[in-house]
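Two separate entries follow, structure 1 and structure 2, each one form of the same protein chain as structure tokens.
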Structure 1
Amino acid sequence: MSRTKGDEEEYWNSSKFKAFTFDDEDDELSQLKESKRAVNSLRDFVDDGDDDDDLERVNWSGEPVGSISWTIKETAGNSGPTQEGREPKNRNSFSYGQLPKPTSTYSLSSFFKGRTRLGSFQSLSDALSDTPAKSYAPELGRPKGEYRDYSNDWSLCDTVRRLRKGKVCSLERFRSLQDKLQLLEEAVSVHDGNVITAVLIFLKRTLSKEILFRELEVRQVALRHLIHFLKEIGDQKLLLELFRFLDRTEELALSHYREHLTIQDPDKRKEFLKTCVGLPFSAEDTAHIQDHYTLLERQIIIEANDRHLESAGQTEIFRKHPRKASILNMPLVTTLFYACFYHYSEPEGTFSSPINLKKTFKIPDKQYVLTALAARAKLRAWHDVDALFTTKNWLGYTKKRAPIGFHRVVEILHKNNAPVQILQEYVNLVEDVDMKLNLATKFKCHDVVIDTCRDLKDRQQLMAYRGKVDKGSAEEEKIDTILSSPQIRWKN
């Protein structure tokens, strides 16, 4: 096909296969850029794949572009001035786009040249009559500005900026690993967690997990976001794989253990806890997990047993103090309290005996005494309370000792409305004199106050206290007797 110079110009200036001429003016560059984007977006409809017959592109010699024959001609024709070979040399550097000079701002169809198509596009191209060439692009009457929103070709910074503003932004074009990582790094530099997560969602979808994990291992900020994201959407499987990959054994174990909270059925939960025992916890934590399992196991047994007893209605303690709640999933101390309340006198062999619990879980004396005291005091079983603190020393004498401090004992007794005589007995056992006096005064243990004041030889305080006791009471008499006693050498 021979062509005149004019034709040639026309060809170069209106063909799809246009050279990028550097003598374009600067202010046109943005127009071009945007046209480039427009073209790019069109490419998405138009360029549906090389095997799409309808939209086959052909060059002037009638050969379909991209076909083998065309390529061969291309390479061969680079040196000759033949028309066929006159394809722009650097065409190949544009994987997506050419920069046609816009001859009309509203219709891109004039940019396209190609084999005339029968069918729907025919009429459209006819409508755009100012170009002689037939076009096959669909009519695009939308204004320039709008193309921006539908285009896909934002730079890295712009993409991240759009994400930060919450705009719709497809990340599909970041296909190479390098592009993806650059995108991620840009997102991290912006500090916005929402953007970082958005990019991670995309990477999770488009990268194999091994690659993803490997890359995130050295990117702490992004890694944290991924972990949090996986936790939030509940992708436990991937989360555990991630921890395994990172060799974070403890977090792996904890994450697995955490699942038990979602299991409501006690037996299932117990079974699940059993599987947790073998997890890579630290030594102490393994012991705790073991205890958790053992505790739940016990509670299931106790609960079943007690529910049976309660409904049978024969056991006094359950009749007098019906259970308010199930013992399942309660802490150990609460379970111990329960055992001391309902099963105090049971022998060591039973599952619900407090002593058994103490031995199994290695409950320290302090804790045991405190809990047993609270339980027995609630039941007003003062003899049991007594027995808790009474020990026989080697001479056979009984003595009262407490691992928790008698002031605590007094407080608990008082909270449970113990009678004054009982309170008094224990207040007397408080070693620290000031505390003893304080407590005695607070709880109105008159005898103790009186005796203590006498021991301290504190006349003033005794006299002051006289006003607090009932008129004519035995205590008042006692005070008077002491005050008038000549044997005491008062301090004040």
Structure 2
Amino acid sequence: MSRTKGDEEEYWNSSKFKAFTFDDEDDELSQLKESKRAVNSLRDFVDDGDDDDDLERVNWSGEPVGSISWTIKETAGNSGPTQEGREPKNRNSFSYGQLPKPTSTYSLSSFFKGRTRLGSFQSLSDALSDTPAKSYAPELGRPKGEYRDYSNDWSLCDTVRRLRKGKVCSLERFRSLQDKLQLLEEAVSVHDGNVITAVLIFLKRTLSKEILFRELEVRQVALRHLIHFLKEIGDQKLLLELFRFLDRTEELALSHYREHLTIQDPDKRKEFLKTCVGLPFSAEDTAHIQDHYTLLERQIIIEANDRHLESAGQTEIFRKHPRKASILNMPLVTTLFYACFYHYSEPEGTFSSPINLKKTFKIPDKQYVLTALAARAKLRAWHDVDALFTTKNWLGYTKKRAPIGFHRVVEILHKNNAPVQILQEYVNLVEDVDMKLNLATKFKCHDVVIDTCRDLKDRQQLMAYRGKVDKGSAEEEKIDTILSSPQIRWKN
């Protein structure tokens, strides 16, 4: 249909498109063409991967290539149906995938919907069309910087330096024995235990045991690190072989003895300890091993007997105070406390007698009295506590004596809520006057404080203490009687 000249002018003036002019610098079509040429020039930079190893590669969405989110999107994109006629991608070459169509029709990304089969860009009309297109992120090669730690030929010094910084560094390039030993010496020279251990793990994996032991025998620093490492990881077999090679019999025996910790069954552990008694320990260690075996043997007997008594329910001590745990594999002091708590009055001939344990394992008097006091005070057996400190001389006179000091006896008794009368009795037995006053004041043993101040003839201290007792109490009356006595010559 033909149009008049007026109609054409009206059409061009009313259209949202402008007429094409060469002088219009703001023309959007010229901007798009210029953008296309600029983007084409980017290919030279993207394809040149040799000089950009230190730059982080990103896809067109701004996410680093190889990141988790990029991998998920790429996998999701590739899992969809393949377009007809699409050629498979070459993973070693760069390609531009089709990207989602943005909101703006004239955006730069609209030119990057993909290449044609021959590798040329789509036409402007195709780029501006509404044909749906599948999105693909560009597959970029892995930067060479990621391979440097594995492929480059690092020197000994550089390798150790990188290990000290915690960087990944392959040690597989050190293949000869000489290179491996030089690497170990370089690691020892920097005095870094982590580096030494890392190199020793590599040598342990790549050298035979005979060669490794032979070379470490003359390198004591590295040898100590290896022994500590084997103990930490629990490689008991290799540790025994190492001690056997070095002819270190005592350490070999101690290392063998440690294996009892892995045996849970008491009877099997006892039999294992029996085999350890004859190992080449020092004289002191041999006595400890023998005591350990004897103690476990006693514990097995005591445990079986007490379990039977407790289940029968006929023994008063087990009814009032049920056992909270088994006695098996407990330390000697715990076993002594257990015996003083449940078997205190048993004759010396029984295995569970505290006196029998004391003599068998040569427990010192201080340790025995301290343990027995704690056990009997917990049961509030004050008669046993009194008998524990009562001794007779050759004339038959009784006297109280405490190898641990009566001040400690008072503290243990107070901790177990002993009555004031019993506390006062033992506070009075403290020889040091100042300590006696402090304990009596702390535990409110009023009679002891009043009598001590009277004996010291300290009027001021007695008057000061009068304000600490209850008004109208027997203690206040006693203080008033002493203060008004004309027979006492006060010092102050």
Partner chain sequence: MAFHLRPDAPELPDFSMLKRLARDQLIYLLEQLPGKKDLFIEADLMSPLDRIASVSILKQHEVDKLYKVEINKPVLSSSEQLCFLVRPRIKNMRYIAHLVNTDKLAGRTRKYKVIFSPQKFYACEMVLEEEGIYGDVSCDEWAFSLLPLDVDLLSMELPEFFRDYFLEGDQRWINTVAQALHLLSTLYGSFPNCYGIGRCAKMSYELWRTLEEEEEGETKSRRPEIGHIFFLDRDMDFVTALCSQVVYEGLVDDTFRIKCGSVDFGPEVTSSDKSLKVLLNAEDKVFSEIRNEHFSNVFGFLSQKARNLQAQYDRRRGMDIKQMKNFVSQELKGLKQEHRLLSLHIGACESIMKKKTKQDFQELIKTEHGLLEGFSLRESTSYIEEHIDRQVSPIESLRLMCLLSITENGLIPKDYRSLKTQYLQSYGPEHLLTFSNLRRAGLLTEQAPGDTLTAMESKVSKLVTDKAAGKITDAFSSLAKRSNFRAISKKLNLDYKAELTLAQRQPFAL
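Remember, predicted model here, so these are calculated numbers, not experimental data. Just so we're on the same page, residue numbers count up from 1 along structure 1's sequence. For the two forms, the rigid core is made up of the largest set of C-alpha atoms that agree within 1.5 Å on superposition.
Matching the description of the form predicted on its own is structure 2; structure 1 comes from elsewhere. Relative to the superposed rigid core, the position of the CA of Glu172 differs between structure 1 and structure 2 by 2 Å or more.
With the core held fixed between structure 1 and structure 2, Gln264 has its Cα displaced by under 2 Å. After fitting the larger rigid piece on its C-alpha atoms, the remaining smaller piece is found rotated by 18 degrees between structure 1 and structure 2. The two forms, fitted on their core, place the C-alpha of Glu232 5.0 Å apart, compared between structure 1 and structure 2.
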